[in-house]
Structure formats: structure tokens, C-alpha cells
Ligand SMILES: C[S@@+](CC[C@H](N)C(=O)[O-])C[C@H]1O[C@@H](n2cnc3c(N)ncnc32)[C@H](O)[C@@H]1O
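Read the single chain below, which is given as C-alpha cells and is the form predicted alone.
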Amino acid sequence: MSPRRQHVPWNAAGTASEQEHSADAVVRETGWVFNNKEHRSLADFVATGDEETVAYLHAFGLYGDQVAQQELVEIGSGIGRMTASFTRLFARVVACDLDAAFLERCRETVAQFGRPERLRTSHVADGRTLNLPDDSADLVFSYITLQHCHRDDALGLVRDAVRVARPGGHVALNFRTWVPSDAVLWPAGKVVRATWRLPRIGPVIAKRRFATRLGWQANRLAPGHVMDEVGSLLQDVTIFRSPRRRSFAVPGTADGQFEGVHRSHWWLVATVR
């Protein structure tokens, strides 16, 4: 598989994370990739994850006493913003990421703010395949990750998420889809990703927050596209959307609304057959 252009800022941030002396320094100094506008400390960064993990699990009907005995797989853990919270909630957590350096920092973050004895990490070396056994997780969760992947890689990870979840387990996967502003954002993102390959100037542009957040949005996937890939393997499927967006009206799925979903995003929440 050829290197993906959208990986450039992630790789730059991974390299930077290896050079910093702590995860706290990483979150302050790599704001271009973590959207750390206020130069938050690691503690503040993790606190935002604490709020979102519980909010999403509640909204999706996945929160309860049972999670204390369950295993969760997180696709796209980064340096552990949400992972720390997951380790306090679930019996076992497997954090997966494209960048091995992020996983090192994820372990550091969880050591400070979570339950490190419950954490295992897994490197997604090819960007599309989880190196995990079949039927091994009760919940596979991914937030603001699959939109950064090449379309084929994102769909590969979706198929693997379903493979890894045991029958009766669940997937909760976040995607970005089309909105009117994409008439401008989509071609602009392609231009930005092209500049990242330019000698000397490319690495500089890849460390600018605006350019990164524009260029890393590497795909748009509609619910119908994802259901075509894995719908036959799922049951009790709900497509969660923003209340400010119309229902996607995908056959065989229920329509769910949650105020915490961005208008350009949607979630696939389902039980694995």
C-alpha cells in the first residue's frame, strides 16, 4: 500500500511526540493535529475525553453495569484522550492507532489518568487492519478517526471492527459525510494534501492547524455505503445524526438523534450477528 498523504501531519506529530519529554508536552506542542486551541494541559485534554465517553455511551444505550466486565477496542486512540476514561469504565481496553509513538504516549496518559493494568495497545501498521483475533471484543469504538483514512482503508477498518466484535457485541463507529460546504472544503482539502508532499514547505504547512484540519478529512462516507459493506453482518442498527440534519432513511436501520453529533457526522451503532 502506498503512503497516504493524509498521514503526513500524523507522522509529524508522532515524530514530535517522540522528541518531547512527556505526554503533557506533546498535547501542548502538537496542537495542529490534536486541535488543542487553548494549549490545554494533558489533564485538561483528558477531561474533555471523560465527558464525551460517558455521553456517547449513554446516548447509544451502551452504558451500564455490564461494561465493568467487558472488553473495548478503540480504533484511533491517539495519545489517550478518551482511552484513559475507557480504562476506568471497562475491564479491558485495547487501544489501536496508526502511529506507534502515539501508543507510547497513550500508555503514559493512561498511567497518569486511568487504569494501566487494564490497557493493551495494538499498532495498526498498514492503516487498515486490526491485529486482533476474531470475536474478541464486546464493543469496538471509533471517534473522529475513520474520516482521516483513505476511503478503502476506512472501509477495511469497518470490516475489521465487525470481525473483532463477538456475536452479540456492538460497534459504535463515527463517520463524516457530505454537507453543502464540502463543495469548497473537499477540493481545498485535496490541494492541501498535495502541498504536504512539497520539499521544505510541505512539512511546515503540515504543522499548521487550519491546513491540517482541512487536509486530513480524507473521505466522506454515507451510511448507505457503509451498510453495503457490513450491513448483512449486523442487526439492531441505528444511525445517529444531529437533530439539525434530516434522517438518512437507510433501509433496515433505525433513525437516532443526539445533540452531541456534529451536523457533518454520523454514527453507526449496531449489534454484531
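Throughout, we count residues from 1 along the sequence that is shown. Note that the rigid core is defined as the largest set of C-alphas that superpose within 1.5 Å between two forms. Model, not experiment: these values are computed from the prediction.
This protein has a second form, the form predicted in complex with this ligand, left out of what is shown; the following refers to that one.
Undergrad: Is there a heavy atom of Glu71 lying 4.5 Å or less from a heavy atom of this ligand in the predicted complex?
TA: Contact check for Glu71: no, nothing within 4.5 Å of this ligand in the predicted complex.
Undergrad: With a cut-off of 4.5 Å between heavy atoms, is Val158 one of the residues that contacts this ligand in the predicted complex?
TA: It does not: once this ligand is placed as it appears in the predicted complex, Val158 has no heavy atom within 4.5 Å of it.
Undergrad: Asp138: heavy atom within 4.5 Å of this ligand in the predicted complex?
TA: Judged by the heavy-atom cut-off of 4.5 Å, Asp138 is well away from this ligand in the predicted complex.
Undergrad: Heavy atoms within 4.5 Å of this ligand in the predicted complex: does Thr109 have any?
TA: No, Thr109 sits far enough from this ligand in the predicted complex that none of its heavy atoms falls within 4.5 Å.
Undergrad: Just give me the single entry in Val192, Ala101, Met82, Val162 that has a non-hydrogen atom within 4.5 angstroms of this ligand in the predicted complex.
TA: Partner contact (heavy atom, 4.5 Å) among the options: Met82.
Undergrad: With this ligand left out of view, choose which of Leu185, Ala91, Ile144, Leu132 has a non-hydrogen atom within 4.5 angstroms of it in the predicted complex.
TA: Looking at the other structure, the residue within range turns out to be Ile144.
Undergrad: Just one of 72-80, 163-171, 111-119, 194-202 has heavy atoms within 4.5 Å of this ligand in the predicted complex; which?
TA: Looking at the other structure, the answer is 72-80.
Undergrad: Which residues in 123-140 have a heavy atom within 4.5 Å of this ligand in the predicted complex?
TA: Contacting residues: Val124, Gly127.
Undergrad: Is Trp196 displaced by at least 2 Å at its C-alpha between the shown form and the other one when the rigid core is overlaid?
TA: Yes, Trp196 moves 2 Å or more.
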